[in-house]
Each structure stands twice: as structure tokens, then as C-alpha cells.
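The chain that follows stands alone, in the form predicted alone, written as C-alpha cells.
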């Protein structure tokens, strides 16, 4: 099979990581890059001298040698560039979120379907080995019925100006929740505050309700003294935590649960709480770079002509939830 030839649009912080990873994968070549900054093009060009450089991404899209493109540009530019790439006949891997409006996302999904092209979005935590283990445990029935999910994603920066903390940070956890539950939230509530830049919330707290009464919450912030990347899953049989910063043992399974039992006596009926507080198990989690797993999935999806794990339809579900969060935040803005 001939090698797939890619172009990378956007050479900021994350773009060079894609160039590095795709350059390491078999039957794949990064042949072109584009960025609005001449200085950044020169810097990345020094690291990867084999690539052609373009200031205008439209010139890159016009390159007939390119099979696919990776779009690593600011969020609000995604829709227009993804559309142009699909219209140019290129398979697309776009960094999350796909766009800022679900209707635009559905349009892109339909365009990709009509052109027979792969559209994938970089929801990288769907390729995280620890979360893959959590998904495996959930599907095996280890936790029983899922009751609630909690995510904390905080750090001191990096502060962005193009989107707020929900679009930047909570987008990861919404993708994780939607994937673990194989569902989208039915109800959304959110509160936030913009302390650094007017109209750009740097602290956001989110509540979600999923089918089956599953309650989920997300705390995200650019203004926190500690970097935290954690998810807690509470089930009817067991509870699980995932800590992205615990490199050796990111997943812990707790033999803990609470059940209610109805007791009947001559003096009336009573509810009794039955609590199990047992051992903690640390399942073995393989090591591996999530970005490499994600980018390899993109290549396989193109070659096998199938939908990737984080395809356009999945990504639209995340965008829809983020839009509803945005609507909750708007009344509180100055």
C-alpha cells in the first residue's frame, strides 16, 4: 500500500507534535506545513527540513500530492478550514473541538460523507491507556450501573483568549463522559466567572444529567495553584478513579458501594444503608503515547474506509453540549 502524504495546518504549540508523531508512523509522510507566522514556519522548518512550507493554508490544500491534512489552528477557525479541506478532497483530522456550533458540525459531517472522506477530531483522551482501561472495566460490568461521574481539570494557565475554559478544558471531560456512557447529556447547567479577561470565563463549574439518571460534574479552571487531571466514576458495585498525573498507577478500583435495603418489622418499615468498604485494586495499564495512538487510528480509518473512534458525529455531540454550556454562561457576563 502506498504511503499516505499529509499536510499540517498550524505550527504553534501542538502542530509540531503531530509532525513528529506522523513522521514516526509507518507508510506515512508529512510533506507540507502552513502557518501565518513566517518566523514559526522557519523554526518548524529547521526541525523538519523535508517539509514544504506555506504561509497560506489554501496553497497547501491545493497541493495534489497531499492525501490528508491535520488542522491545528485556533478553535474559531476550525469550521472554515475543515470545510475548505473537505472541499479540496482531503481527509481531515482536526483538533478539538470540531467547531463552535453543532449545526456547522453536522454540515461538515454530511460533507465528509458525501465526498467519501474521513473526518476525525482530536479528542485525545479517548486514546489514553488509563481511560481505555476504565472503559474496559465499565463494559465488563465491573462497576455495575453507573451512578455519577466527576471530573476536575485545573492548572495555573495556560490562559487563552479565543475561547473560555469550558471550550478549552471541559471539552475533554465531556468527550470522556459521552464515550464512557455512549450517550449525550440530556440536561446542562453551568456557572462561570471571568477574572482575567472580560467575557472569557477562566473558571467554570458544570453539571450534566445523562440518560438513566446519571449525574456528572466538571470543575475546570485556568486559575488554580495545582495541576489536576482526574475523573471519579461511582457505580452500584464499585468505584473507579483515574488520575492522569499518576503515571505508574493511573487507575484505581475501589471495592466500595452503598445499597439501601427495606426492613419490615412489627413497628414499621425502615430503610437500612448497606455499605461495602473493601480493598483497592490497581490494574496494570500499558504505557504509550495517546497522540501516537490517535494519529495511528486516523491513518487506519482512512485505509480501512471506516469511521474512527472520535469521528465527526461523536465530535458534534461534544460541541452541542459546549454550546448549551455557553448559553448558561451568557447571562452572567459583564
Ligand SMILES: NC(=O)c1ccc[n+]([C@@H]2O[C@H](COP(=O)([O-])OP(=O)(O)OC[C@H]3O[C@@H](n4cnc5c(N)ncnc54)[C@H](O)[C@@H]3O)[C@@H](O)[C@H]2O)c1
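Remember, predicted model here, so these are calculated numbers, not experimental data. Positions refer to the first chain, counted from 1.
Note that the form predicted in complex with the ligand isn't included here; everything after this is about it.
For the three marked residues, 216, 241 and 311, no heavy atom of any sits within 4.5 Å of the ligand in the predicted bound form.
In plain terms, the part of the chain that comes close to the ligand in the predicted bound form, with a heavy atom within 4.5 Å, is 116 to 124 out of 195 to 203, 132 to 140, 116 to 124, 245 to 253. A heavy atom within 4.5 Å of the ligand in the predicted bound form is found for one listed residue only; from 147, 160, 237, 227, this is 160. A heavy atom within 4.5 Å of the ligand in the predicted bound form is found for exactly one of 282, 293, 36, 307: 36. When the ligand is considered in the predicted bound form, residue 317 lies well away from it, no heavy atom lying within 4.5 Å. The ligand is not drawn, but in the predicted bound form it has a heavy atom within 4.5 Å of residue 168. At a distance threshold of 4.5 angstroms between non-hydrogen atoms, residue 40 is in contact with the ligand in the predicted bound form. The ligand in the predicted bound form comes within 4.5 Å of a heavy atom belonging to residue 72.
Contacts to the ligand in the predicted bound form (heavy atom within 4.5 Å) from stretch 127 to 155: none.
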